[in-house]
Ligand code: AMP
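What follows is a single chain, given as structure tokens, in the form predicted on its own.
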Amino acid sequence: MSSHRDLVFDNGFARLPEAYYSRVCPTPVPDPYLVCYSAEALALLDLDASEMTQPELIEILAGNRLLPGMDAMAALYAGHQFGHYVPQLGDGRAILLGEVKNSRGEGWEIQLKGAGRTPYSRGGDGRAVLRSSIREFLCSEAMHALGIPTTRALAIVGSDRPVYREEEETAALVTRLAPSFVRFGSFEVFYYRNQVESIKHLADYVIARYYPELAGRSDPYPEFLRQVSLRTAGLMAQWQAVGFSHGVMNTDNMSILGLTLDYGPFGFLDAFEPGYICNHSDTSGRYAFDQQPNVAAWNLTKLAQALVPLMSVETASAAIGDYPQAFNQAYIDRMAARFGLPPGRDTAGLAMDALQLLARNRIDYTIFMRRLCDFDSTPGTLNPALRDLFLDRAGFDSWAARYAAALRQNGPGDAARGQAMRTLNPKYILRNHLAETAIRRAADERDYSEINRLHALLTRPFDEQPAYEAYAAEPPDWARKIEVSCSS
């Protein structure tokens, strides 16, 4: 491991023309202090946890100073927000510090969210608040532990500088890492400005750095679009399988690398509710849980439209044409594995029937799937740990008999099946009430122990952790009153 002073910067995005960004330095905050950090994310930069004791590094993560080699900037992009095109968005409160090349040759862009005003702040203060920063930090690292592609969160730095939202709150900055923060909207802005060369230049940059297997082709753009579509399909399958709802799937929040990007009003399902709306601002339900795969498909049509200057309309349409089949196959395969069965029509039917049963009985999705790992397929076994979750016992019994027969016919045996399923069905997820408890302690008492406890717990979501059994329980009644919105 090396010191933060030894970081080697290779700022690829900064070598693009300035049409793609504005150079701007973070606005300093007074008396910054460390709230929490991820040792795993630090290791991506070849840094050891001991670095977090260095006051200089805290100053850097607060935006108060830059290291040699950093090239601070805010990116330009546009996007469709709730279905309506907004011609200029951009990093309104995020500033890219630079890109570090680690010892494995990986490039990681370092971005500060909440670093102050930029040319794209649209009248905002460019700051983030502690509550939203805690949610983003915890969920970024939890999603990685679940095996879902995501941006990473390195640390939260706080400051007593007041930030005004609905009420006065505490300022905070999240240090985010990603190979790239380029999004669908990064292309849209130049399409609507009729700047074809800028579209081509950006596409060439993304292909050369992140899709290098396409770089030698005479016409790489259709396959590039197709690969983005397939990555997006795979990501949606993972979201749906684990019960994650993003809450604000605007095209400017869609990663060109198929990463989960921009954690705002997200939520994991508690009771299985297909139409779950986690975003209090989403009054029409556009981004409801069961709409996410279709919204992603719609967003891909907007990306395809933005790339039409590089190919024909027909070619662009064909490039994203595999999305529905790719999503369906990826989702069915993932659900089959979570149910301990081989993929196929019968398995898909069993899984979908189970979800309908969960919805009718309002059963906790994560608890059901975890208990399913211990399902006993012996004929006549009632499986009370699962059965007792249901008011409709007859409905469960009917489904369970079919499931048991399928396991006996296809499975490797209950013990081996259960072991495999426990690596796919998490016991612990970032439920809203868990995050809320951590936020309240941090905001009211300046006690960050619950953030660290949750972070440690959620980096091992598939493990039995007996000391934290309460964290796997159904949410308390007060959790129903929690609301998260676009301001969260």
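When you see a residue number, it is the position in the sequence shown, counting from 1. Keep in mind the model is a prediction, meaning the values are calculated, not measured.
What comes next is about the form predicted together with the ligand, which does not appear here.
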Requested in this report: Flag Y403 as yes or no: does it have a non-hydrogen atom within 4.5 angstroms of any non-hydrogen atom of the ligand in the predicted complex?
Outcome: no
Query - Any non-hydrogen atom of G92 within 4.5 angstroms of the ligand in the predicted complex - result: yes
Report task. Determine whether any heavy atom of N328 comes within 4.5 Å of a heavy atom of the ligand in the predicted complex, and answer yes or no. Result -> no
Query raised in the report: Is N253 one of the residues lying within 4.5 Å of the ligand in the predicted complex, judged by heavy atom distances?
Result: yes
Query raised in the report: Which of these stretches, 213-221, 411-419, 348-356, 74-82, has heavy atoms within 4.5 Å of the ligand in the predicted complex?
Result: 74-82
Query raised in the report: Of the residues G124, G380, P384, P87, which one places a heavy atom within 4.5 Å of the ligand in the predicted complex?
Result: G124
Query raised in the report: Pick from D364, E109, D282, D262: which residue has any heavy atom within 4.5 angstroms of the ligand in the predicted complex?
Result: D262
